[in-house]
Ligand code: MSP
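Before any questions on how it binds or moves, here is one chain, the form predicted alone, in structure tokens.
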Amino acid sequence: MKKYFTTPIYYVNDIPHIGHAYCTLATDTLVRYWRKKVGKENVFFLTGTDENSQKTVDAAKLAQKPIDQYLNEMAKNWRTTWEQIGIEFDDFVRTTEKRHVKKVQEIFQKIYKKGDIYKGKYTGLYCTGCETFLKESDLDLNGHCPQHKKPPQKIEEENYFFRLSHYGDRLLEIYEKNRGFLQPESRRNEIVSFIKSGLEDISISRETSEFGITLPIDGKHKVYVWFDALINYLSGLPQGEKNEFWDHSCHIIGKDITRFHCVIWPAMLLSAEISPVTEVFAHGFFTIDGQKMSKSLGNVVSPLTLSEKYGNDALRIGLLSSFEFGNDGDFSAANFDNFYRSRLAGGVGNLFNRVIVLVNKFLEGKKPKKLSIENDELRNFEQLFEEKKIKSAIDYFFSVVDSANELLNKEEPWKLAKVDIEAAKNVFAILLQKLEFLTQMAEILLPETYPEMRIMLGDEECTGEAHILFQKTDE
């Protein structure tokens, strides 16, 4: 079995915040599950940066840097951030790379030869913030872009158009044949309804763009950033659509870019006679203490800030446990800190430390004979990951922690060992088996703590030395 996972490619007009980290960590965690299940060589994970946009040009001017220098510095910043917080991707694609430019022009030519690209005049609205052409019906009550809360530009220019209107029926056929093409179900229903309402042809070039990929058929035009960006999923995969991973692809995206990925992208692939992506999962957004992240509010949080204080595993499991993957939710620094103290340091860490200390003290570290216990913990955990219910899987992990702590406190094996060592051995056997289950789950959820858990559990015969898994932090 093969698996190909991708994140969106991120604009480099700013540095990563925890919204970007949430999506990337979620994808990385799903990747870790599948690497454990089917082998690392059977999973390919791609992320990267989206650089061919007007926002990039504006940001470089604001930074008073040449565009190439700015792009190189920002792409390095994004890549380094992901590496620092424990993201293990197989490749990192930049849309200014030669391999990407070559693939974009190749796909454009295929669609052009199919007769699905024509020249026309666009008159309407354009939001530079989200690099999107908008209709009046897309605007909020103030006539602003609903995402950026600013009025869009009114533009009139000669562009090249893609015949998206020709692909409504074939797109609906994809949704009918592959019920899991877009998840969660609520997103699927929205897009199916949108397609059924009728599709219009879309502009795929800009004559006024200062920066971007030149159209192979017209040197005066640059490829529209969204047409260009979507193709990264092919340009970043060795041999593109000819790679066997392509037929097992899953795009993890934010819900705001669902139409691009689930209407325009599959239509582009159909036109180019390439099999569409297998699956798209559109996750929700989170607010910070009930408010949208905003520089003006000063509530934009860097993942590196949390990582440096609490560690990469805490960042990962703390963010992903905030709300169920696919839903909207809220993030609170106070709740995050409490989660670290009570669930990680006081829960997982304390449990491992207590059990190993007690086994070393009363059994001289020698493991009692294993009892015959059903391995339901792992089966249930795996089922939740198969369904991409990441928070539920984390909750299940902590339910095992709680059950082990309850058993420890109820049976009090430190007292039991003084009067009935055989009964105490049975309790320790159950506790050690629960620690084993937790360690196997931690390989996915707490990858940097996992090796330490393994060392504490020792080998088949004896436990290792006890130590603190999660250090206390300053208030």
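This structure is a prediction, so every number in the text was calculated from the model and none was measured. Heads up: residue numbers just count along the shown sequence, starting at 1.
Separately, the form predicted in complex with the ligand exists; it is not shown, and the next lines address it.
Here the chain stands alone, but in the predicted bound form its contact with the ligand, taken as any heavy atom within 4.5 Å, falls in 276-284 among 303-311, 276-284, 234-242, 334-342.
Between the options 386, 176, 256, 330, the residue in contact with the ligand in the predicted bound form by a heavy atom within 4.5 angstroms is 256. Out of the listed residues 229, 171, 213, 348, 229 is the one that sits within 4.5 Å of the ligand in the predicted bound form by at least one heavy atom. The closest non-hydrogen atom of residue 23 lies within 4.5 Å of the ligand in the predicted bound form. In the predicted bound form, residue 293 approaches the ligand with a heavy atom inside 4.5 Å. At a distance threshold of 4.5 angstroms between non-hydrogen atoms, residue 454 is out of contact with the ligand in the predicted bound form. The ligand in the predicted bound form is approached by residue 50, whose closest heavy atom lies within 4.5 angstroms of it.
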